[in-house]
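Below you'll find only one chain, the form predicted on its own, shown as structure tokens.
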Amino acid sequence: MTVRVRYAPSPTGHIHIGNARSALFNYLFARHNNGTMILRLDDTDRKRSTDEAIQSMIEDIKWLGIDWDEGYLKGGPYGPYRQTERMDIYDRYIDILLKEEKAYELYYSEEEIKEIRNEYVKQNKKFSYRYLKETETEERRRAFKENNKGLLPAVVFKVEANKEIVVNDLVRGNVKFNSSEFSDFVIRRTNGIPVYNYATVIDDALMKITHIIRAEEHLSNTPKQLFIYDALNFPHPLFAHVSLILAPDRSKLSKRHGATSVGQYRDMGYLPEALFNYLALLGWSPKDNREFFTKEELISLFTLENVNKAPAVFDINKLTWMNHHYIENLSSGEIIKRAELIGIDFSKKTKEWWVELIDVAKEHLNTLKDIEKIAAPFFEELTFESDVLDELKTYQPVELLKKFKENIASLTEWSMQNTLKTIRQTGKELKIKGRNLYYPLRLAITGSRAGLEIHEFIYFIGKEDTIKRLDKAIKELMKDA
């Protein structure tokens, strides 16, 4: 069997983590099996499927590292690959279903159906499209045509009674349903737009999709789709319904748990390699303890047999840890190049200065955005929060600061190694060492308790600014003396 899979999003906005994971699994499965991946746009929601949303989705997929072989923007033998361009195809198979009496037209507007359904609920009665059709009169059909100009009768699929349906699921095994659990359902609305469960079957069948890999929330839709496969004598594809992605508290992943779209993670400074690697491990396991994989390794190892049934938990802390690993393995020049793409400004210093800074700051970078946090103190006026100043005073550091200022001012060759030597020299002269030496200097020169090593910080701000900061700290300390 030649493997053909598809990723068929509704392009109504950014690609969220769940959709991205589905796209990734399809991509890995296709590449592992030397198959074909198709990108199809399920864009029948015409109000929300804008050109901007489509462009955003394409950018997100490409940034993540997912490519496709056939479909939107690439063409292929089974196009068009946008549902809005396939309406005549859907209508053709609607006509077949109507002709073979496997579906029927219903002359009620959506508003009328809603009112009738609500009334049934009030009376605790079961709603039935079939009953409406059986009691439909010629007068009703005439009134519909007169009062609903531009609308078509809805088309309803007729569910065969007491038929067993088996979903051949490569993750969950055979899942059985009985058609008695389902009632007739609309497959084309009065505005002429087909519903998802109908259009996706026509598309998947005609595009010769062999495997449908998607989230388990679609499993309940699958029997309806198989009814249509059978009614049109289409062969069944194989299914793989992968587990949901949950938040760490086991609730449904949502915006309150942080960013949920691929684009947001890109803008927050995560690398595509890290997100690609992390998403591959959400619900899939290589059956060993490895955490880091190249794209090629994931393609080589990925099989549906190793996809887990249990829900996957999205842990932002683990993704951040993984992102740190990938950043550390990039050159500083490449880090700068990537950071510029998300709008980080490197214009205030030379490229050489930035490369040196990132060389020593890599171990502190969890995301590309952390560059801004680390660099900010170099471009801001030194200020002392009251608690920091109070803590600095406990060391009674004026003599230390004055001596260090004298030594740093006499330094002739400016290097990181020499700034460290100067600190140590000052400590020896005053017989101060360890925390009592380094920490007061940090508080006095940076105004902060954490950050780069103090000798590194001094090197990057330069001699002149170091002296200015020491003068300011001494002045603050001498106010109450």
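Counting begins at 1, following the sequence as shown. Quick caveat: nothing in here was measured; it's all calculated off a predicted structure.
Keep in mind the form predicted in complex with the RNA is missing from the figure; the text below concerns it.
The candidate site formed by 224, 315 and 321 is fully in contact with the RNA in the model of the complex, as each residue has a non-hydrogen atom within 4.5 angstroms of it. The partner is absent here, but in the model of the complex a heavy atom of 282, alone among 201, 213, 282, 94, sits within 4.5 Å of the RNA. Site annotation in the model of the complex: the residue of 403, 163, 172, 82 reaching within 4.5 Å of the RNA with a heavy atom is 172. Contact annotation: residue 36 falls outside 4.5 Å of the RNA in the model of the complex, judged by heavy atom distances.
When contacts are judged by a 4.5 Å heavy atom cut-off, residue 48 counts as touching the RNA in the model of the complex. At a distance threshold of 4.5 angstroms between non-hydrogen atoms, residue 271 is out of contact with the RNA in the model of the complex.
Among heavy atoms of residue 454, some come within 4.5 Å of the RNA in the model of the complex. Comparing 379-387, 232-240, 189-197, 339-347 against the RNA in the model of the complex, the single stretch with non-hydrogen atoms within 4.5 angstroms of it is 189-197. Contacts to the RNA in the model of the complex (heavy atom within 4.5 Å) from stretch 103-133: 108, 109, 110, 113, 117, 129.
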